[in-house]
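There is one chain below, alone, in structure tokens, taken in the form predicted alone.
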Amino acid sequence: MNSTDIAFLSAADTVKAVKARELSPVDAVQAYLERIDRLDTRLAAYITVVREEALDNARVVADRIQRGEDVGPLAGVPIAVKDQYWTKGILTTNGSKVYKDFVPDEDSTVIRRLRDAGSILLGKLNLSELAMGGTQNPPWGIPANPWNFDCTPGESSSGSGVALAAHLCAASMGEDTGGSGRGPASYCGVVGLRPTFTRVSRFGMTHMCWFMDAASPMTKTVEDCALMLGVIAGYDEKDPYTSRKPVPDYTARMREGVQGLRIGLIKELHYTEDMHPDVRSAIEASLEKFRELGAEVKEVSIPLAELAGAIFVGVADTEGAGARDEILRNQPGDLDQASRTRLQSAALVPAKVYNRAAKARVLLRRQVMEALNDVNVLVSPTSPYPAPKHTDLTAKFENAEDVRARFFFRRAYTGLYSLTALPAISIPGGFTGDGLPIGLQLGAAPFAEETLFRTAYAYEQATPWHTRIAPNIQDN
């Protein structure tokens, strides 16, 4: 295989080739480093590349394989992670000047488990400041969407989506509080999972909102995502909130198909005038595909779903302001103007408003769980429109309706699952007429990731969307 062929492999295929000794981990790492050198100046996916460490670790993995050792389920897979995860001895910026000198003295649990599984860390990926979204002037550059450089790749796990779509790593880790993993997955045409809250340890992951933050595996394929979750999931004594439920082999039932599954379209997130027509068409086509594959498809109602974006901001931003109180008091000048304004505004939210949002969150979960009594999987777009242009994100708000449309509306789609602590996955679901990816979002009951992977895999294998290559990196 030449270097391009290597870089375009899925993580699962990389493991197979490495274990069969058809591919050297060193060659795999070099293939990605070469692409990073050539493409990332324009894409700004990476903040830090650990070139020598990656090559050294690749040699260690290669030597272990030569000795006949079982290296692990991610043997030789070059990965990159959002710069929100602690990495021992490696700069961890959280996308902010506040942390420009922060070098942890230990790995986060997610990083440790990925290393133990045989993966090789290439570097740390760009993100919105403090994993919030809305950063106007990111200190390490504005990540560009490989499908259209003028468009955003999504927030806040922006670099994680870009690196996958441009094949600058075999798999990546994002983080998802209100959609920060699924949103970039949708805009970049890759896979992004938000696991059930407590399924994966958050030790060593800088927080935004402690009861909604979730580690988010982001990958080229559904199989890769199932593989990654199997590695990082499970109880961790360093995070007392992690579940003690056994971790299944998420790939074991993945190929069973959707025959007999009940799939529900959330009507409040579909019949809205603000949805892009190409997105609506893609979702309706996906439902027809599920019918062809043997699933039962019906509509379900979650009345509070359309308000999930406002509920999310009312809870998460207020929690985020509390978590960053010291920064606001002592280092406000180190924050991006948009980040500072958002946090300062959230710090002024009255207690009664936060209390109402918290109550609404409980009611929303009740409604979602009632819907899941009737269906196995919920369906909606990940985002009601494709990736906006960078200039659209930084434009000033004109009026209250503009705030609703740009700030709250899109957050309803992903915020629904964040607020209710439920698992959801974004997979490639089609393209707009001008070639931008559309994300199909599937949600399920607590700890039903196996059902999500089974449904997502069936759709992925029956459609061509995951095989497309972004035009801006196609000939490179």
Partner chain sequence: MAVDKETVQKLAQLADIEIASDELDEVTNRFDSLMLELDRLKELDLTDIHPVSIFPEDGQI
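Bear in mind that the values here come from a model prediction, so they are computed numbers and not experimental data. Residue numbers count along the first chain shown, from 1.
Just so it is clear, the following notes concern the form predicted in complex with its partner chain, a form of the same protein that is not shown.
- This chain is displayed alone, yet in the model of the complex one of 357, 254, 117, 279 has a heavy atom within 4.5 Å of its partner chain; that residue is 357.
- Only one of 328, 91, 323, 142 comes within 4.5 Å of its partner chain in the model of the complex through a heavy atom, and that residue is 328.
- Put simply, residue 97 is far from its partner chain in the model of the complex: not one heavy atom of it is within 4.5 Å.
- Within 4.5 Å of some heavy atom of its partner chain in the model of the complex lies at least one heavy atom of residue 369.
- In the model of the complex, at least one heavy atom of residue 342 sits within 4.5 Å of its partner chain.
- The closest non-hydrogen atom of residue 361 lies within 4.5 Å of its partner chain in the model of the complex.
- Looking at 31-39, 414-422, 61-69, 44-52, the stretch with residues near its partner chain in the model of the complex, meaning non-hydrogen atoms within 4.5 angstroms, turns out to be 414-422.
- Interface residues of 2-34, taken as those with a heavy atom within 4.5 Å of its partner chain in the model of the complex (partner not displayed), are absent.
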